[in-house]
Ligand code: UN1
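Given next, in structure tokens, is a single chain: the form predicted alone.
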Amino acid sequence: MAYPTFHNLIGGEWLPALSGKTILNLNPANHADVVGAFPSSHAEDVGLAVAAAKKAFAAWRLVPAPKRAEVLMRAGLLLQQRKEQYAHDMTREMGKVLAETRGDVQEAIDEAFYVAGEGRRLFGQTTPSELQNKFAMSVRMPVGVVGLITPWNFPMAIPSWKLFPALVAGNACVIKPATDTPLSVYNLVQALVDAGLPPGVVNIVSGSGSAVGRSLVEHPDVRAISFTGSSEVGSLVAQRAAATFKPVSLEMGGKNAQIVMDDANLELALEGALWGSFGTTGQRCTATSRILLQKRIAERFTAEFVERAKKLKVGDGLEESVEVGPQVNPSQIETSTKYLAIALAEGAKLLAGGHPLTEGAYAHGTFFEPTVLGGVTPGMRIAREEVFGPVVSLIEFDSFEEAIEIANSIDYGLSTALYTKDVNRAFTAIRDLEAGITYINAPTIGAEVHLPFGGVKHTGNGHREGLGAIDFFTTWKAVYVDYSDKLQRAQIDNAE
């Protein structure tokens, strides 16, 4: 069966990898469906892309920011027109159901419109000088060429979080799509190109993390790196970037807890837990992987949750009735299987699911049953380590204070949720939960583009997507204008 071949975008031209090699992009619901062949690039390809970006940056940085923003606005309108096609493309290459891929494209649309507004809000500050006849202010400056390394689970939304703020700030970009889901990045960048983005301002280099990602991180002309992925890889990115003094934005793993108090609206909590645990087949850094249940309602909640999990329809995400799609590749199935075995060996009880699906309609894909584990204690590995699959642990607790302690006891700190009708507990949780995001009476997934996104501890290094992205993709310059027509020395001539 014929399939399309894609190339790298370098300096406005579509070029094959210098190696001539390609990587097949397979539909995880049906491996016989080849989405396309994408370049298997290496350091030499990265070098060409960085050189093209560096050349384009010289002119792009001089385009007024409101004009740069107009490109993003036009791109957002094109994404709106192409939403259905891009969502279908994403489901084919990533697997998640159409309702979610439509949401993924919508998030890129939202980001385009939001960041376009920032073209007139790249504010600095004016401040009094300590000397007479002297004016002082600060202005934002673009960083230069930035490298963007993006994951497979949100293959258009997360690239938009990085590309759009970087572009409106005046930077030029080299983006490495995830090996499993490159087409969605190509579609996103095509919208930018069609919206009038000049050649070379955005360049795509496809390939493995070890080849392309590492080369981007280590290239001396790349001035900053924005990375989303695992904590293990993020640590390596930070270490290697440090050699050339690059700032690095890291958005990494999570082990997110939903706390359900005994005064909660249980129907609402059940709906939130089901969506948080099995939306995107559990393949979100914000997925609900721990459900903490106050003991008085634990039995009732568990029985209903297990029953609902068993009824979820697993299948090809292109079918509108399917609720849970495949995992993205065989490696993710192996991880889910491994952690299930570890959990059972440590004493957890299998309440639902627990098996790869390999028969009949599932034979040519990578499917795993929605899996619920009971009897989990906070010290078990399944309660502490990220699985990134449709596997959720139920943990019981006595008091609100104990729930907070359990939620905070892990190395990660991305998203948390509390279900309660007690406003005092709600605000205490907002204060005390160690996480970058806290939801009250809503699941751990569902972030919006205009709020800061990121976490603490092993989840991130202090930078944020969303509201904080402009800060990362700009540097500050202090400006002094002395109109006294004489030498004035700060801290000297004004001293008493």
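Note that residue numbering begins at 1 and tracks the sequence as displayed. Computed from a predicted structure; not experimentally measured.
We do not show the form predicted together with this ligand, though everything after this point is about it.
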Which of these stretches, 439 to 447, 60 to 68, 467 to 475, 44 to 52, has heavy atoms within 4.5 Å of this ligand in the predicted complex? 439 to 447
Let me know the one among 164, 368, 154, 419 whose heavy atoms come within 4.5 Å of this ligand in the predicted complex, would you? 154
Students should find that, of 393, 286, 150, 258, the residue having a non-hydrogen atom no more than 4.5 angstroms from this ligand in the predicted complex is 286
Indicate whether this ligand has at least one heavy atom within 4.5 Å of a heavy atom of residue 453 in the predicted complex. yes
Under a 4.5 Å heavy atom criterion, is residue 158 part of the interface with this ligand in the predicted complex? yes
Distance check, residue 180 to this ligand in the predicted complex, heavy atom within 4.5 Å: no
Check whether residue 89 has any heavy atom within 4.5 Å of a heavy atom of this ligand in the predicted complex, and answer yes or no. no
